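Given next, in structure tokens, is a single chain: the form predicted alone.
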């Protein structure tokens, strides 16, 4: 990293819903931020004196210490490769790419350029999930037998989410958080079986979507991961349950909601993201951990390899949905089982 002291210069690429959360995090860390986006950059930086609009991607990258990629998934590879060529460390929103092969190429490009890339798997920084992982890793439930993760909220409204070729659908865009976490707690996955159901609607792309993936881990543990893009206005909700030979740990965000502020703000992100709590934002915790690592500190609890493997799991789940068969992951390649 060029700048190891003083304010960090961040090129924030993209101005959609998640970009605003990242911008707030970087500004809280004292960063100077240049935003480049094909739309809405001026709206995003309005009122922030440490943020400005860059007229082009190259202007944003010039002199940047860190590039934060918050574009739609299909645009991630080009931006990451440009950032690596410019010698910038990279934070990239999940999923790294639409396929594990492209994600691996992005990571390889950063390694060849001598820069680091971290995937923004922010669920690894949510306090309830962090507490669960530490408890499980310390043997709190014994040997894991079964894990269950659910995640539901309003269906995204932007058109690219409805195109599986662009977003990877609900599995790649939403469920990847819990696929990643299931692998973190129970270890590598050998087999994936998945199903998806889409509710009817007039346009054919806005119905309720729900999918479930069943992961068989090398350890013998089984994980059930369920995701739902629900009707507009639905409450964002997550649950997890990890059961083992020595106990069980579980959480429901509705039953155990943190004390939160709900100002009733309108916008497409409402129902897609958790509410604003009085505790520190996990997005700020995440960005601080990445910045600390970029400056030579300890590594964060998620690596580039984790990001690639999460895409691989989502890719396998989508392949299973398409084929109706289980997918074997014991080899490097995804193999559909007859």
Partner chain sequence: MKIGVLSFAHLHAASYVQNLLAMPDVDVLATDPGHAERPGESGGPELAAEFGVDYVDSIDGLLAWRPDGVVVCSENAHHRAHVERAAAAGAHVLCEKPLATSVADAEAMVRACAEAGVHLMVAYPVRFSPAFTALREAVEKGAVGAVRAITGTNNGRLPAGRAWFTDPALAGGGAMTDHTVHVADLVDSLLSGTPAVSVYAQSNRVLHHDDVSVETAGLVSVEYENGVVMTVDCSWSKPDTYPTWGGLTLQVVGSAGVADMDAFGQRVDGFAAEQGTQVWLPYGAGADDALLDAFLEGIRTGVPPQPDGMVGVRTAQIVEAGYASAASGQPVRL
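Note that the structure is a prediction, hence the values are computed from the model and not measured. Residue numbers count along the first chain shown, from 1.
Another form, the form predicted in complex with its partner chain, is not on view; read the next lines as being about it.
- Between the options 199, 139, 87, 187, the residue in contact with its partner chain in the predicted complex by a heavy atom within 4.5 angstroms is 199.
- Checked against its partner chain in the predicted complex, the candidates 154, 71, 238, 226 yield a single residue with a heavy atom inside 4.5 Å, and that residue is 226.
- A residue is said to contact a partner when one of its heavy atoms sits within 4.5 Å of a partner heavy atom; residue 101 fails this definition for its partner chain in the predicted complex, lying far away.
- Although the partner is absent here, residue 248 sits close enough that one of its heavy atoms falls within 4.5 Å of its partner chain in the predicted complex.
- Using a 4.5 Å cutoff between non-hydrogen atoms, residue 330 does not count as a contact of its partner chain in the predicted complex.
- Using a 4.5 Å cutoff between non-hydrogen atoms, residue 193 counts as a contact of its partner chain in the predicted complex.
- Each of 146, 230 and 325 places at least one heavy atom within 4.5 Å of its partner chain in the predicted complex.
- Contact with its partner chain in the predicted complex, judged as any non-hydrogen atom within 4.5 angstroms, is confined among 93 to 101, 160 to 168, 175 to 183, 209 to 217 to 209 to 217.
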